[in-house]
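So this first bit is one chain, no partners, the form predicted alone, shown in structure tokens.
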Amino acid sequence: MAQTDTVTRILDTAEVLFAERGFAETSLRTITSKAKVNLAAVNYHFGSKKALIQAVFARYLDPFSERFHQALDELEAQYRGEAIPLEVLLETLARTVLEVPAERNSLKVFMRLLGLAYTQAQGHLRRYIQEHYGNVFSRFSDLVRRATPELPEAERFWRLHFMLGTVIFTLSGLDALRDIADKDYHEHVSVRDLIRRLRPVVVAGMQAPLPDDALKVAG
């Protein structure tokens, strides 16, 4: 088996098992058994389980980061120093999120991995994501800040967190949601249909009036 085939098989297997079971619950031996490779191959190509986890994320986040930077460059050129509307920023984020895993037909896996990055991320993974991809997320946050000057910093943080949680939860359960829509409401929903329905909910949440306690802090 060629080295590239071995690496691909290990990564393909690892990302599915991580998404299904979590990081701690997935052993290297389980991965090697499912991938039909030996443990020495994992150690040779990746060196450790930590490095394998990072490599799984890199397969998604490398192209996502590159495309999102390019998309934000185009928006900034289009708006020429003016604040980019929140709806446009969120639409651009959604489009980029859909484009990257679509190349490998694994949107659900991508979303579950992002969910794990929130809920199960160990210190090494947080550091890795911050070091390699923190600049693109910081850039997006800065643009959202310009688009929502009325929000206090803490309130904006929470709303972004709720927004990402909503998107990740919805898209990671995509198959179940589409099955329910089909059986209970006789609707055949594509991913882009779902995004169109999700977008106004997310935008409304980001633009909702401040709660009373946030108003007191802001005042």
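In case it trips you up, residue 1 is the first one in the sequence shown, and so on. Just so you know, these numbers come straight off a predicted model, no measurement behind them.
One more form of this protein exists, namely the form predicted in complex with the DNA; it is left out here, but the text below deals with it.
Stretch from 146-154, 46-54, 65-73, 175-183 whose residues place a heavy atom within 4.5 Å of the DNA in the model of the complex: In the other structure, the partner sits against 46-54.
The single option of 164, 58, 39, 191 touching the DNA in the model of the complex, heavy atom within 4.5 Å: After the contact test, the surviving option is 39.
Any non-hydrogen atom of residue 27 within 4.5 angstroms of the DNA in the model of the complex: Yes, residue 27 sits close enough to the DNA in the model of the complex that at least one of its heavy atoms falls within 4.5 Å.
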